[in-house]
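Only one chain is shown below, in structure tokens, and it's the form predicted on its own.
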Amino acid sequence: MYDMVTTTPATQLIIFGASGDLTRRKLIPALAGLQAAGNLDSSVSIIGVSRSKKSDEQYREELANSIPSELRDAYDKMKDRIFYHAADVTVPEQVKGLREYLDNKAGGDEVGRLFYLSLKPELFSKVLKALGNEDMLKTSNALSPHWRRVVVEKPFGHDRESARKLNDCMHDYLREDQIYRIDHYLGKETVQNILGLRFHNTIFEPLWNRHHIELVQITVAESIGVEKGRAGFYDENGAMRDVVQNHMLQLLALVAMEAPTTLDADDIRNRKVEVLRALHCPDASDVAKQSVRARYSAGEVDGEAVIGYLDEEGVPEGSDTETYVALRVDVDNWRWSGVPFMLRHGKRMSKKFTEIKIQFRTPPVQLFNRPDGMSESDFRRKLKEGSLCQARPNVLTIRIQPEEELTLSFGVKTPGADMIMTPAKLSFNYDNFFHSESAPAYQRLLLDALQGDPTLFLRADEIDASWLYTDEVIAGWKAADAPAIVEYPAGSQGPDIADELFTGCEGCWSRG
């Protein structure tokens, strides 16, 4: 159960980009969810800031149209604490007007303020400078009753250099403990449970290393293509920057990190940074062998014909942007040396799912399931040379979406006289066990930001380390002799060539 937000006598949540899609679809419903759960104190007021002119009532009515029916009662209880202020916060006089407006609210300047930048990335620095120059971000320390915090949405830069510039700009006006870089994947219940699964259950952690784990596979598959109105942004970034650099490397870090000393935010984030810094930065030759980049062509998804990426509205002619990435990643540390981390993300795939598969090694001596008619010597020889592969009996699957569940596979003897092993599973499903749906990610993360808990937010050095790896992969794709981008039909599992990233008897990509 979450704690109620009662950090100060009054708290202001100021959302820049108040008329945007993220505010309507995610942020306000998340706040209504906190209200419904009794986790949003009546001292918290929400102020939307955008350039267009409108009254408080007009803004409240606009937001009401986006609220799910099950949250409408909760929204009605909180709507009187929602306000709207028209301002272009890159204009100094209008920033001054915003400060006066906020200071005239209950509590004046002696309140906690959370500034949420739900804006285009190119506006982040401009808004931070404007707020900083008006002294709206100053606070003595993180525990001050009139604290100031800033939530920044991804993307955190376009590459390592731009990310460093953005961090430098933020640090000109903010301490690191005031900055909350949000990645909504870290708010998902199953993602958070990775820590509990590993470090609370001793049956897993002793096996969580290169001696017992053969391979880790992480998939983020989407059935949708480029969302309407987003093609321009997406084409500048592609699958690598849009999902792999942030969501997927965070999942990898949680799976691979060492045990933290405590559950304090910096202890956990220190361990994640260690993993990200241990990622082998590939040269062009490595990139050519250990990655596949592709884009979807016309095909069929869920029985409906869809166009290819190059035909999507807003995609420039001759675009070379990838909508699919598959990577074989090496983590160069003592725990994981030699264990490949297989990362795959794509749009317009056959189904939507996000999962992590921990594939354990086979027993050192294979006693079971020798094919009929094959001698024991031939069986042993073929297994050793790799011409015969045994199914891996033990795989731990952490399913993040659309279901939230854990599954552990193992072998059991088939009834009868022969010693034939067959796969079986143990499963845990959040909905079935707790008889309730997990709270949406933004609901958890907004509450944490209001309460000043940075555990599930990203630190500057995490961003830097993930961009270091990402930039090297992208540089490899741009090399003169790099393989050309390939295509895969929409509604498929991606390009067949991606299967070649697996070697020997390692297996193949999950089909969800």
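Here the structure is a predicted model, which means the values were calculated and not measured. Just count from 1 along the sequence shown to find any residue number.
The form predicted in complex with a small molecule exists for this protein as well; it is not shown, and the discussion that follows is about that form.
Shown alone here, Val243 lies within 4.5 Å of the small molecule in the predicted bound form, counting heavy atoms only.
Interface membership of Glu222, defined by any non-hydrogen atom within 4.5 Å of the small molecule in the predicted bound form, is confirmed. Although the partner is absent from this view, Tyr309 stays clear of the small molecule in the predicted bound form, with no non-hydrogen atom inside 4.5 angstroms. Proximity of Arg399 to the small molecule in the predicted bound form falls outside the 4.5 Å heavy atom cutoff. Just one of Arg370, Lys347, Arg344, Lys272 comes within 4.5 Å of the small molecule in the predicted bound form, counting any heavy atom, and that one is Lys347.
Tyr185 is the sole member of Tyr84, Trp208, Trp147, Tyr185 with a non-hydrogen atom lying within 4.5 angstroms of the small molecule in the predicted bound form. Taken together, the three residues Arg51, Arg113 and Lys126 all stay farther than 4.5 Å from the small molecule in the predicted bound form, as judged by their closest heavy atom. Segments offered: 321 to 329, 288 to 296, 224 to 232, 70 to 78. Contacting the small molecule in the predicted bound form at heavy atom distances within 4.5 Å is 224 to 232.
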